[in-house]
Every structure is written in C-alpha cells, then in structure tokens.
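Starting off, we have a lone chain in the form predicted on its own, written out as structure tokens.
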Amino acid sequence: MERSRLTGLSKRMSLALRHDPGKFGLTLDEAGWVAVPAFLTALRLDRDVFDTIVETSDKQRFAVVVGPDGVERVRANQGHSVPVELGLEPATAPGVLFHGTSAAVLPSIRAEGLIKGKRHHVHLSPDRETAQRVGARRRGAVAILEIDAPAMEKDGHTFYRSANNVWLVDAVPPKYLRES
C-alpha cells in the first residue's frame, strides 16, 4: 500500500482515538481504549493494514493490548483532546527537552510560553532531531525550542513520559524556553 495512503489512514485513526471517536460511532473507555474489532469495523479497516500502521508508525502513536477479557484493545499513546486518563506516572525529565514548531508562532510563545490548548498536555521531544521532524509538519520555517526541564521540576512542574517517549507537561512558561 502507498505510504501516502497509510499516512492518511493513520491520521484517520488518530482522529478516532484522540479527538472525535463519536464521529465513527466509537466510545473510548476511561483510559482511551476501544476494542480492536469494533475499531476496525467503525473505520472500515482491514486487519493487515491496521497492523502495518501500528507497527510502522514513525512516532509509535498507537498501543495495542489484550484486555483481561481476552479482547484486543487499541488507543493513542497521547495527544487526546477528549477526556481520558492515561495512567501516566510522573517521570524525571532529562536535562533538556525540545519542542519543534512554526517560526510564525514564536511571538505568541515568547509571550505565553507553550500551552496545551485543547490537548491534555504540551508535547516535548527528547532530542533535537525529533523536534525538527515534528516542527516540519507545520507550515513555514521550523523553530526549535529548548526547555530547561530541571529548572521546571525544581519549580514544581511535573513531567510524564508516554509509551512512545514523548514527554508531557501541563505548560512551559516562557522563562524556561530558549530558542535554538
């Protein structure tokens, strides 16, 4: 299957699992999980295509587990705008984290910092290369921001790390940001 088709289907899966499950007739449980058979039916996905997307997603956006009832379930690892409780434990962040974005939004970020908007958390990358890839999805020139995670932790901010190594925090005030 063409890579562009897989990308489109991955985005559709993200929409269903992160932002609008009702559009597909799905109901996520409190932790964001939905049964794989119901998910495949709702999105009209072939199991092989689903497996390919889950296994080859460059960002490992999706998790699949077998529930206590023996039914496979799928969820997005983070990035939800619908209410879910991912059960993430606080984690000690590395010395510096990164955020890739569009250079066009830097004036707003300088004034307000990084805010989560409709999502549960601000997403941060563990390395500059990942932040560059994330920022490249935006329109225009890419800006990479460095986040002083130890200073934030010292000041009481809590970090979490998702299953696919995305660092999450409620907000990043401007004083912890440095353009690089």
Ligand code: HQG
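The numbering used is simple: start at 1 and walk along the sequence shown. The shown structure was predicted, so the numbers you read here are calculated from the model rather than taken from an experiment.
What comes next is about the form predicted together with the ligand, which does not appear here.
Using a 4.5 angstroms limit between non-hydrogen atoms, V166 touches the ligand in the predicted bound form. Taking the partner from elsewhere, A35 is found to have every heavy atom lying beyond 4.5 Å of the ligand in the predicted bound form. Taking the partner from the other structure, the ligand in the predicted bound form has no heavy atom within 4.5 Å of any heavy atom of R161.
Residue contact check for V96: none of its heavy atoms lie within 4.5 Å of the ligand in the predicted bound form. Not one of R44, V54 and R75 comes within 4.5 Å of the ligand in the predicted bound form, counting any heavy atom. Only one listed stretch (46-54, 111-119, 27-35, 148-156) carries heavy atoms within 4.5 Å of the ligand in the predicted bound form, and that stretch is 111-119. In the predicted bound form, the residues of 126-140 lying within 4.5 Å of the ligand by at least one heavy atom are, in order, V134, R137, R138.
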